[in-house]
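Shown below, as structure tokens, is a lone chain in the form predicted on its own; questions about how it binds or moves come after it.
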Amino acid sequence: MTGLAEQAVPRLLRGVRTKFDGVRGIWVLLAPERTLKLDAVGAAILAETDGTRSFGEIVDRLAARYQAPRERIAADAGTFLASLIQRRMAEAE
């Protein structure tokens, strides 16, 4: 899996959440028995991933916010979210 369909609605699974680690000054993704350090790109993608927006809407919002090419955002965000799905930290309907 290398991406998501435009109409897919990604969301974090139950028990998975983002948290800002103030001591280290970084965002982390917390899951049962796992922690993933997020870079700025991952944190921005997950900030838009609320379980109600489609992947296409997420890409549009990120492309507008960062004035970046939509195709590049779609490729990066799709790969990132697909990796979370493979790790069983997220799902997409």
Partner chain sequence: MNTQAQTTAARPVAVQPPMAMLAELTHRCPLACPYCSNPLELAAKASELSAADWARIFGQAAEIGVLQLHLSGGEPASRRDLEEIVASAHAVDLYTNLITSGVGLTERRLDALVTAGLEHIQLSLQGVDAATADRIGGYRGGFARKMQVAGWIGTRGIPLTLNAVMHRQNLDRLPETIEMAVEMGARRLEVATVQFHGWATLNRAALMPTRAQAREASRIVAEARERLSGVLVIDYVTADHHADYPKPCMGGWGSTGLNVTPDGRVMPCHAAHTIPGLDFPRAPETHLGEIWRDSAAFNAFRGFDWMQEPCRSCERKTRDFGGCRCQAMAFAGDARATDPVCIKSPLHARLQESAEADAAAEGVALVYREGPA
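None of these values were measured; they are calculated from a predicted model. Positions refer to the first chain, counted from 1.
Keep in mind that the form predicted together with its partner chain is missing from the display, and what follows is about it.
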| property | result |
| --- | --- |
| Joint contact, R14, L30 and I85 to its partner chain in the predicted complex, by non-hydrogen atom at 4.5 Å | yes |
| D21 within 4.5 Å of its partner chain in the predicted complex, heavy atoms | yes |
| 4.5 Å heavy atom contact, R34 and its partner chain in the predicted complex | yes |
